[in-house]
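Next up is one chain by itself, shown in structure tokens, the form predicted on its own.
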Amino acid sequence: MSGVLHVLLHMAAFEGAATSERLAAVMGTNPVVVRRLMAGLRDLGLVGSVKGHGGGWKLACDLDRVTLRDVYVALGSPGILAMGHRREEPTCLVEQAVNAALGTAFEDVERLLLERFSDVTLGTLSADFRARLTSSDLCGQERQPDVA
């Protein structure tokens, strides 16, 4: 999710469409990875593609209307916590008690996180990014001329 938010905010800062190569450079990854990611985001209506000279990827959504929760759902609602139950349906009574206690805590954490995700839009993140932007520091790179 962090990588998707990263690329979406860079796209918001660029004028016009951005190539997969350019997005890969800012993300420190391979253009093939970016194309795969963008295809999924395009299917969800978050980005669009522009063909021909000057083509590439562009935002297709209103940043002030898309929340972090929307992006999370668009990504297929991946698991929030890396930890989980040892077995989902244990026969051991001790493990059942442990699962019950952990399950409640996991549900509380997920509910709180999704509530917070609903409160933050991509526009909020973009405004924060712009407030932090300096003339020579954009993820450790020289500022691109088309970044406002």
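All values derive from a computational prediction rather than experimental measurement. One rule holds for the numbers: they count along the sequence shown, beginning at 1.
Below, we refer to the form predicted in complex with the DNA, which is not included among the displayed structures.
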Does the DNA come within 4.5 Å of any heavy atom of Thr104 in the predicted bound form?
no
Does the DNA come within 4.5 Å of any heavy atom of Ile80 in the predicted bound form?
no
Exercise: Ser126 in contact with the DNA in the predicted bound form, heavy atom 4.5 Å:
no
Is Asn99 part of the interface with the DNA in the predicted bound form - any heavy atom within 4.5 Å?
no
Heavy atoms within 4.5 Å of the DNA in the predicted bound form: which stretch among 106-114, 65-73, 91-99, 49-57?
49-57
